[in-house]
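Given as structure tokens, the chain that follows is alone and in the form predicted alone.
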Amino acid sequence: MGGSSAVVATTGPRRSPLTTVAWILPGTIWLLLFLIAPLVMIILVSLWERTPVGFAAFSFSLDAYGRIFETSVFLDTLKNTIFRSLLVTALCILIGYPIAFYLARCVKTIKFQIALFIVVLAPFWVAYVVRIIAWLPVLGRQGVINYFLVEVLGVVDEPISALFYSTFAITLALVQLYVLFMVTPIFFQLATLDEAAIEAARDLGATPGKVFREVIFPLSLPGVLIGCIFVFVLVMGEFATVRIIGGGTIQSVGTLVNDYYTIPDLPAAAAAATMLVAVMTVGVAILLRFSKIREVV
């Protein structure tokens, strides 16, 4: 009898197959309709032949992939997009981690934490495109930075045109747009740390710096990883920021997909999108593989 009770206690009550299906069916349908089906459709379109008005369905070929790789434009743009995504992700960690650490570990009252978190969240109350365009009065020829450089400090004679339509401007805007996606998971991870482990390290004589290196930072890595995945994937697929702030002089894979679509060359656009999804998947897989997140948890 005791053994039977132990088995029931560890395995829990039996659930009927219909109940299990009812639990997993909504999520499965959502994934099939909004994730798998669009991805399959994009792959299929990339394999169909191009026509003057779109594509010829059920006429399969790899011509679209040949067209996007026939010159070095796509590969160079893909390399630049990957580099930009990694750079923005790294900058978001450098900026977002101290913010999250301060909110979670230095602010002691819940009300003050919530108030400061709302302040961090405030830019997201403004529309996405508006936040992009708002960089114009900051980085433009007649913007704030040029005004201080020319009129106040006098370090340059003419406004610097390259501030806005440049890689620097795009990187700056992307960091501002997506740093919250790094702050949020790190903040919640730091806020739920096991205080007993931190106190044990202090009782054993660890300095504050060693407590951070040996206890706090390793335990916060799951939040860092989640933030890296969010930022990397979102920046890889960026289109509007690169198009508006880059002024058409700087490309991303997203702008190339739009260019192929405008021509129109829908199979080439779908092929470029497929390659982008493949690279993002590989990038996320590498993050998961080398982060050793299971060992940390």
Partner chain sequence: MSSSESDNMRRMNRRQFVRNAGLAGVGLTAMGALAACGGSDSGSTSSAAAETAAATEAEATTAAAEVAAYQGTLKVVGLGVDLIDPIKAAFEKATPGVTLEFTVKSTPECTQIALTQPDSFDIFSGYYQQTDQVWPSGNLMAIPTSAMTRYAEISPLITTGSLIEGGGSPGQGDAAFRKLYATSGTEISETATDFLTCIPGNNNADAFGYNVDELGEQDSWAILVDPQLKGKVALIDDPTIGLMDAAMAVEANGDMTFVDKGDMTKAEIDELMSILISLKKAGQFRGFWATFDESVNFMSSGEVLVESMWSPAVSLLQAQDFPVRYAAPKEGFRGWGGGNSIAAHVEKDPSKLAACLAYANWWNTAEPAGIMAAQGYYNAVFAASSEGFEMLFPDDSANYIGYYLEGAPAAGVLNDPFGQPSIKKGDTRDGGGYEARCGNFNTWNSYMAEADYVSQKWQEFKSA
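Numbering follows the first chain given and starts at 1. All figures in this text were calculated on a predicted structure; none of them were measured in a lab.
Although it is not shown, the form predicted together with the partner chain is what the next lines describe.
- Contact annotation: the partner chain lies within 4.5 Å of heavy atoms from the stretch 252 to 260 in the predicted bound form, the single such stretch among 225 to 233, 252 to 260, 34 to 42, 56 to 64.
- Taking the partner from elsewhere, residue 117 is found to have every heavy atom lying beyond 4.5 Å of the partner chain in the predicted bound form.
- Under a 4.5 angstroms non-hydrogen atom cutoff, the partner chain in the predicted bound form has residue 165 among its neighbouring residues.
- Residue 161 belongs to the set of residues with a heavy atom inside 4.5 Å of the partner chain in the predicted bound form.
- Contact check for residue 27: no non-hydrogen atom falls within 4.5 Å of the partner chain in the predicted bound form.
- When you look in the predicted bound form, the only residue of 202, 141, 79, 210 with a non-hydrogen atom within 4.5 Å of the partner chain is 141.
- Along 49 to 71, these residues reach a heavy atom to within 4.5 Å of the partner chain in the predicted bound form: 50, 52, 53, 54, 70, 71.
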